[in-house]
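What follows is a single chain, given as structure tokens, in the form predicted on its own.
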Amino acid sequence: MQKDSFRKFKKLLNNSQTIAIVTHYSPDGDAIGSSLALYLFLLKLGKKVHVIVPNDYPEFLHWMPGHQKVLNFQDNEAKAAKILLSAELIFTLDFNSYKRLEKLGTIIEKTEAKKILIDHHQQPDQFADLYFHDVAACSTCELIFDFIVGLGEKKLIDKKIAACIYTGIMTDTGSFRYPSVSSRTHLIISELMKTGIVPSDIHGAVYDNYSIDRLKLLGFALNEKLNLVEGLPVAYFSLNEKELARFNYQKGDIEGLVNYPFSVKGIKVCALFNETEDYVKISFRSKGTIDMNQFARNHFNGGGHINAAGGRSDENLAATEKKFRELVKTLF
């Protein structure tokens, strides 16, 4: 845990009028939820605020309050760079290294703006001026709630901000089933519900809003692409570009797929390999004390949490699978 004092946060906020918020490449529910919640909060403080994402995010998050104001760096590089270079303060949310931003990271490194990191991933790089970091938090959205409350501004959390925070907590905890969920997580949810949000509506907006192609892709993956590592409690999916294209793949269509093998008795490690045009994207999951963060850092240019991490491989899909099958033995 690395948390600076709220006195320092307040001073920096009071001295900053133009603020940018950035989150990681391929943003998920926690990344977008935390970014939009903070965005809406800072607007209430009278700040000039911009949210910038490195690339697009799934359509099932487009309903969220403030979504229309998000700037996609991939489509608006010049505009995003101008905003960042003129910002007095930049919030970096839900990532621990500029590497998670791809090309956007090189621009932020050049800025003179002060930086505040709010994140819950392991081993953050030391690039920020102030830190609100806690690996015990279930999500960055949980930390956004704590950040607002710590500033003494809980009264500003309205229904829109609460919906964003709830979405991030819900998605990053697998609908509240991961070990990261604590009694305090549920107390925060209770506070959010006092604003009038309806959890079932938010769950439906995120999880009951997929295309028929996405459902068919899930069936194909479960039926034909689930692999077991002989002699080990390990299962993984491997999907190539052609297979994804067959089901008209859209960003977010395989989100959550990596967790399905846990429903098989005895499975302790899961992985998902999906081929992109430039590299193989990897997701890792585990149960108990099996450290996928360090595994991803050591072998697959990644990192994250002990039980949930990501990485990438510049080798082809077959070579990446082979490498994983050999290295995963070291976890047991």
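Quick note: we count residues from 1 along the sequence shown, nothing fancier. Predicted model, so just to flag it, every value in this text is computed and none were measured.
What comes next is about the form predicted in complex with a small molecule, which does not appear here.
Asks: Report whether the minimum heavy atom distance between residue 294 and the small molecule in the predicted complex is within 4.5 Å.
Replies: The answer is no: residue 294 has no heavy atom within 4.5 Å of the small molecule.
Asks: Using a 4.5 angstroms cut-off on non-hydrogen atoms, would residue 283 count as touching the small molecule in the predicted complex?
Replies: Output for residue 283 is yes: heavy atoms within 4.5 Å of the small molecule.
Asks: Using heavy atoms and a 4.5 Å limit, would one call residue 55 a contact residue for the small molecule in the predicted complex?
Replies: Heavy-atom contact with the small molecule at 4.5 Å: absent for residue 55.
Asks: Given that the small molecule is not shown alongside this chain, does residue 20 nevertheless sit within 4.5 Å of it in the predicted complex, heavy atom to heavy atom?
Replies: Residue 20 lies outside the contact set for the small molecule.
Asks: Please pick out the stretch from 283 to 291, 263 to 271, 61 to 69, 41 to 49 that is in contact with the small molecule in the predicted complex, where contact means heavy atoms within 4.5 Å.
Replies: Answer to the contact question: 283 to 291.
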